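Below, in structure tokens: the form predicted alone, a single chain.
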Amino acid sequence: MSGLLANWADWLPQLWKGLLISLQLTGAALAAGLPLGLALALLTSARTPWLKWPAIALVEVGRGAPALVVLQMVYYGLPSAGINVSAFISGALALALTTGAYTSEILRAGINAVPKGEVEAGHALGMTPGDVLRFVVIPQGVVFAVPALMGFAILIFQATALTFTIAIPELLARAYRIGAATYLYLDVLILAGLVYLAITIPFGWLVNRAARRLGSHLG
């Protein structure tokens, strides 16, 4: 046992560096994917067919394609199109596309949850439809969607482990690298799993707390 703990102490600094990259990937994917998800949510709710149906098709394709497939398509597809970017950008972009597809439904549900009375009140005050959407519907819809979005952020953090397939030195990639050097795969993967849990469990508590607070506010 003491040998295991000594190994963990030696490996933890390397895994810490990988964790920072995983968190950076998560942040970049959410920063790019959430605005995309909001745009798709609005487009799929549009009354204009030529806006609505292409957006629905994009969402369904994005939700149906496994994140690993999207990752490989972006990483190998962009250079084929003459666009050369780093592995980190490819990984962040692929995760952002997945984020946009999934969060569009979350945000659309939040927008649909806005009481009609709020919209009618905005119109009664003389606000234009665009102003009602921008100042009433979207802000409240995003608030309603916050707990689900926080839960999805955990999934994206876990999905960053897929980027080890394109040589991004994130947490899992560094764990495999240590395992290849020491042949102690199980030991290092247990430690990597504990590091993941150290992030996801507290954040999961925050998600539950946010959901309860929102529920009590709505109640």
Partner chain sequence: MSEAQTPAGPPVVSLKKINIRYGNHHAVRDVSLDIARGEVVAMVGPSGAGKSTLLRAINMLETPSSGTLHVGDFTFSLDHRLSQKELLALRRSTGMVFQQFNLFPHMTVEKNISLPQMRVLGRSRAEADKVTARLLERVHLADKAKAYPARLSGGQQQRIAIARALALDPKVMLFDEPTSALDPELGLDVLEVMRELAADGMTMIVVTHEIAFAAEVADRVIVMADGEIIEQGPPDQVIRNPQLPRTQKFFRAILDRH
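Please read these numbers as outputs of a predicted model, since none were measured by experiment. Residue numbers count along the first chain shown, from 1.
One more form of this protein exists, namely the form predicted in complex with the partner chain; it is left out here, but the text below deals with it.
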Identify which of Met127, Val146, Ile111, Leu93 has a heavy atom within 4.5 Å of the partner chain in the predicted bound form; exactly one of them does. Met127
In the predicted bound form, Val85 touching the partner chain (heavy atom, 4.5 Å): no
Look up in the predicted bound form whether Val136 has a non-hydrogen atom within 4.5 angstroms of the partner chain, and give yes or no. yes
Given that the partner is absent here, does Ile89 sit within 4.5 Å of the partner chain in the predicted bound form, heavy atoms only? no
Is Gln72 part of the interface with the partner chain in the predicted bound form - any heavy atom within 4.5 Å? no
Which residues, if any, of 113-128 lie within 4.5 Å of the partner chain in the predicted bound form when only heavy atoms count? Gly117, Glu118, Glu120, Ala121, Gly122, His123, Ala124, Leu125, Gly126, Met127, Thr128
